[in-house]
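Consider the single chain below, provided in C-alpha cells and representing the form predicted alone.
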Amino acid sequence: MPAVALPEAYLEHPQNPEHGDYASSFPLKLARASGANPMNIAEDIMRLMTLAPEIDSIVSAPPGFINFTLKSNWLTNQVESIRQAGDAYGNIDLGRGSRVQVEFVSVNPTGPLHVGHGRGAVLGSTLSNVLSASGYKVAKEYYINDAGSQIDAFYHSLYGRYQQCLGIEAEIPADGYLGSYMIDLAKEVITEEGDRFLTLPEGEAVLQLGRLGLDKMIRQIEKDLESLGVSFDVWFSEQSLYQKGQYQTVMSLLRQRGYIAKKEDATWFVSTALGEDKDNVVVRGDGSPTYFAADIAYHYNKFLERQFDRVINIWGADHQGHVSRMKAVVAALGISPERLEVIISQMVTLRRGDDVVRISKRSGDIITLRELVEEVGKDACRFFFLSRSANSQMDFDLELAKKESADNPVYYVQYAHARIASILRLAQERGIDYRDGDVSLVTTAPELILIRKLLLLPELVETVARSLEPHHLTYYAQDLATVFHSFYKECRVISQDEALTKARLKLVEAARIVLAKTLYLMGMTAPEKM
C-alpha cells in the first residue's frame, strides 16, 4: 500500500442493530486515499486488534466496515453502574473546569418578552445545564441594554403615559414605545407613587420615573423567565461599562493598536484591517457611542477582565450580520476568535393546528412569553423550543402542546417517567426489596435494547457539549420513552418469579435515572404521576 495521510477514524452507531453496537468506516476512507481494496484493509486492521473485555466480536462487513458488538453480560452489568452513579450518571469531564460564559436573551428592557425570546432563553439554559454536566464552570448572563437612545425613548414614553393617565395632555415621542404595556406600567407607578413626579422639573421627572419603570421592566422580565425555568447568575448592566471605565479603556487600547480611525465626522473601528468588507462606526458624529461600541467594551470585559476561557452568545436572527465584526473585534484585542462562539436563534411561528396565530388576545399586538407559558406550561414550552436546531425556523403548535396523548412528544416522554415511577411505587407498596437483584438475569432482546439506549446518555452529553446543539436531547428522550414503553409491554416487571422481578426492577430504576437526567438537562420536570 502506498504511503498516504491517514483519514480521521471514528466510531458510529449502525442504523441496523444487527450490524453491532459500533461501526467504523475507516477502511472505506483509507481505500479512497490509497486505492486498495477496502475489505482487505478491514481484514488487515482487524488482525492487529485485540478484543477488549467488553467486546464480544469484531467483524468486517461490505463494502468496508469494521463492526463491534458488546458482550451481553457487560451490558447487563452497566445497570448497576447507572444505579451507583445515580443523578451523576451522564456527567463527563470534557471541560476539565474551564470557565465558560453563556450570554443569552439580553433583550432591551423596554418591553415584555415575546415568544421568540423564549426560544433563545431555553437554548441558553439547556446548553448551560449540559456544559455544567460536561465539566465546565458555567456562568449564565443577561446583558441589560440600559444605556443609549432606546432607553431615552423609553423614559420619555413612560413619562408621557404617566401624564396622560393623570389627565394631562402629553405626546409620546415619535421614536417612543406605543404598546399598551406602557399604559399598564404608568398606572402601576401611579398606584404606588401617586402624582409626585408632576411636582419635579421635567428633566428630573423623566429620569426618576424612567429609572423606576426600567427597574420594573427588568423585574418583570426576570419573573417571566423564571416561569420558563430560566435563571441567570449575572445581570450585567451596559451602563456600568461607561461608569467603570471599560469603554474608555478598550477604545484607547484599539486606538493604540491602529484599529480606530476618524473619518466622515465619526469614529470607526477599522474592520477591514482584519478581513471585513467594511469598517464600522463606534462613535457617531454627535459623540454618542453605538451599540457596537458597547459590545466591544462588553467583550473586553468578558475576555480580558473576567478572563472567561470561552464565551457563547445566543442572539436573535436579526443579529446575524453582527457575528463576523464581533469576531474581528475579539481578534483585535489579541484573543483567538475561536473562543467566541455565536448561536443564531431563528424565528418562531405560533400555530393552532393549521392556523397561524399572529396577535395577542390580551394586548392586541405581540404574543408575550408570559401568555405562552400560561397557556401550554413550562415543560411544553421548553421541549418544543428545543425540538429543532437553533438555525432552523420553527412552528410551535399550541394545540399539540396541550394534548394529553402520545401525539404530544412532551406528554409521551413524561408519561414514560410517570409509568416508571408507578412501577417502583408498586414494588415499594408490596414490600419488594430488590437491592440484591441479579442483573445478569435481564437477557431478553427488549431488556438489552433498553440497556443499550440507557448507555447512550454520556455520549449524547458530549455530542451536545461539542456541537452546542441541544435539540439532540429531545430526540433521545423520545427514543428512550419508545424503547421503555416497548420493554414494558413485552416484559412483565413484577411477576411470580421473584429473582427476575428484582432484576427487572433494577433495570427500571436505571431507566428512571437516565430519563430523569435527560429531562433535567432540558430543564423539565420528571412527573411521578400523570
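Numbers for residues come from their place in the sequence shown, where the first is 1. All values reported here derive from a predicted model rather than from experimental measurement.
Same protein, other form: the form predicted together with the RNA, not shown, and the subject of what follows.
- Residues within 4.5 angstroms of the RNA in the predicted bound form, judged by any non-hydrogen atom, belong to 146 to 154 and to none of the other stretches in 224 to 232, 124 to 132, 146 to 154, 196 to 204.
- In the predicted bound form, the RNA lies within 4.5 Å of some heavy atom of E469.
- Put simply, R325 is close to the RNA in the predicted bound form: some heavy atom of it is within 4.5 Å.
- Shown alone here, S25 lies within 4.5 Å of the RNA in the predicted bound form, counting heavy atoms only.
- R96 falls outside the set of residues with a heavy atom inside 4.5 Å of the RNA in the predicted bound form.
- With respect to the RNA in the predicted bound form, the three residues P53, L254 and Q307 uniformly fall beyond 4.5 angstroms at the level of their nearest heavy atom.
- When you look in the predicted bound form, the only residue of D318, E192, D436, D87 with a non-hydrogen atom within 4.5 Å of the RNA is D318.
- With the partner omitted here, the residue from S180, N77, S389, Q164 that has a non-hydrogen atom within 4.5 angstroms of the RNA in the predicted bound form is S389.
- In the predicted bound form, K29, R32 are the residues of 29 to 60 with at least one heavy atom within 4.5 Å of the RNA, listed from first to last.
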